[in-house]
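The chain that follows stands alone, in the form predicted alone, written as structure tokens.
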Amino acid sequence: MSQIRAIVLRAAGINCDLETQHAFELAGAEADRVHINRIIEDKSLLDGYQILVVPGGFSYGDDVAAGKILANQIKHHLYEQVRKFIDAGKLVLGICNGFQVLVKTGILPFPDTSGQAVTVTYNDSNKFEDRWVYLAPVTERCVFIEKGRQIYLPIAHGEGKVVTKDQPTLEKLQSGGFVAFKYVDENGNEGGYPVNPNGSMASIAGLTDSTGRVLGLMPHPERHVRFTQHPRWTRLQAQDTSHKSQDAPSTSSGQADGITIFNNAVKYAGANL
């Protein structure tokens, strides 16, 4: 099997590209950081990759709205190429600002002829939220997700609230399997702030598309790819050296929660592309 290649978009203000590149390299892929202008100049660059990633940060300073300018670049210059990329069976991942971008381009969660059906807007707390949260997987079709595994990841955003244009759209997200992750507490229950850190409708923390090969999420899996990045790793290790306690950050193999997203993507691409 040839090595899987991931392309990590760069643009002014993006600041999680190195961590994202590192995460894919830990998962066994070759990862390149490429400025979006280079791809706009030569759209065939995408052909050499199996995974496209829009990482976190504050693209173009989040002027106008979070992720909006980068979303417009993709929408007006690369939308058809990204659609062909997805239609070819390849994978797309958007993290935090990247999630906002995928939603605002209309790539997630589904096309809507009447306009953008979902957006990501200001947190209900009216402040930047920087904390760790529990996520429960909701859909079973998303190839990035480990079925039944609750994970613990950090968030860092001021605009993370997922909202829909109307109730029927929200119902379609839920009934159609478009909700990838929801915010929960350590026991797997939904709740108000801070369990749901931004006020997202239906506690939505991430979305997928109809193929299950596109994932966008607000929390940062690239910031929890090693066991020692967990904020309580020393106490958890002292409590249970096998890491099997209820809120342990890893499996018995010591695998950190965030790396599962990248491992699953690389494994799927290796088996199918």
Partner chain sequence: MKQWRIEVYNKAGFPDVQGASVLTDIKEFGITAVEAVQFARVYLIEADFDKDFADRLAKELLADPVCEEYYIGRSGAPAGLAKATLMEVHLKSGVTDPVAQSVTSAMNDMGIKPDSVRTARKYVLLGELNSKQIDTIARKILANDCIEVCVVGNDTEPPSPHIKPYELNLVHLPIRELDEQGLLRLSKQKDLFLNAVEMKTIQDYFKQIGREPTDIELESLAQTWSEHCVHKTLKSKVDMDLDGQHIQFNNLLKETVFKATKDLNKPWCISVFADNAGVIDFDDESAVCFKVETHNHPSALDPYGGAATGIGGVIRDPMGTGMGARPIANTDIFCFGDPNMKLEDVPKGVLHPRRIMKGVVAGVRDYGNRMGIPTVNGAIYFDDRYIANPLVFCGNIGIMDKNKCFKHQQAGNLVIVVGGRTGRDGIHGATFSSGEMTHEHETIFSHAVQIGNAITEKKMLDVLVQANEHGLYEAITDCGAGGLSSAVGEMGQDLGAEVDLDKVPLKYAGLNYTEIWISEAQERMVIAVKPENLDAIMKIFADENVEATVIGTFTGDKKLKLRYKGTVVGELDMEFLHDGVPKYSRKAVWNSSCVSRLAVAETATAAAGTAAAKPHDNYNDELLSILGSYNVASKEWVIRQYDHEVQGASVIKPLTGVSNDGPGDAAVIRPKYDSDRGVAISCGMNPCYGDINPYWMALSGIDEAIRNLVCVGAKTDRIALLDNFCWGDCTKPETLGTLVRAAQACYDGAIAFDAPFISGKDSLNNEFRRDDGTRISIPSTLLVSAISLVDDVSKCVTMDAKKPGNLLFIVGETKNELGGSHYSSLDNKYQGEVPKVDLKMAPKIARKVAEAIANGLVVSCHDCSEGGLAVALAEMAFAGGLGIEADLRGLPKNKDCDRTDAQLFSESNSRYIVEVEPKNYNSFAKLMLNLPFGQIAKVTGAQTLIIRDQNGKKVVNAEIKLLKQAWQKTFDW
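Just so you know, these numbers come straight off a predicted model, no measurement behind them. Numbering follows the first chain given and starts at 1.
From this point on, the text means the form predicted in complex with the partner chain, which you will not see here.
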{"property": "Exercise: Y60 in contact with the partner chain in the model of the complex, heavy atom 4.5 Å", "result": "yes"}
{"property": "4.5 Å heavy atom contact, F178 to the partner chain in the model of the complex", "result": "no"}
{"property": "4.5 angstroms heavy atom contact with the partner chain in the model of the complex for W132", "result": "yes"}
{"property": "4.5 Å heavy atom contact, F85 and the partner chain in the model of the complex", "result": "no"}
{"property": "In the model of the complex, the one of T139, N196, N123, T105 near the partner chain [non-hydrogen atom within 4.5 angstroms]", "result": "N123"}
{"property": "Candidate site I145, S210 and I259: all three near the partner chain in the model of the complex by heavy atom within 4.5 Å", "result": "no"}
{"property": "Sequence-ordered list of residues in 8-38 near the partner chain in the model of the complex, where near means a heavy atom within 4.5 Å", "result": "R10, A12, G13, I14, N15, C16, L18, E19, H22, H35, N37, R38"}
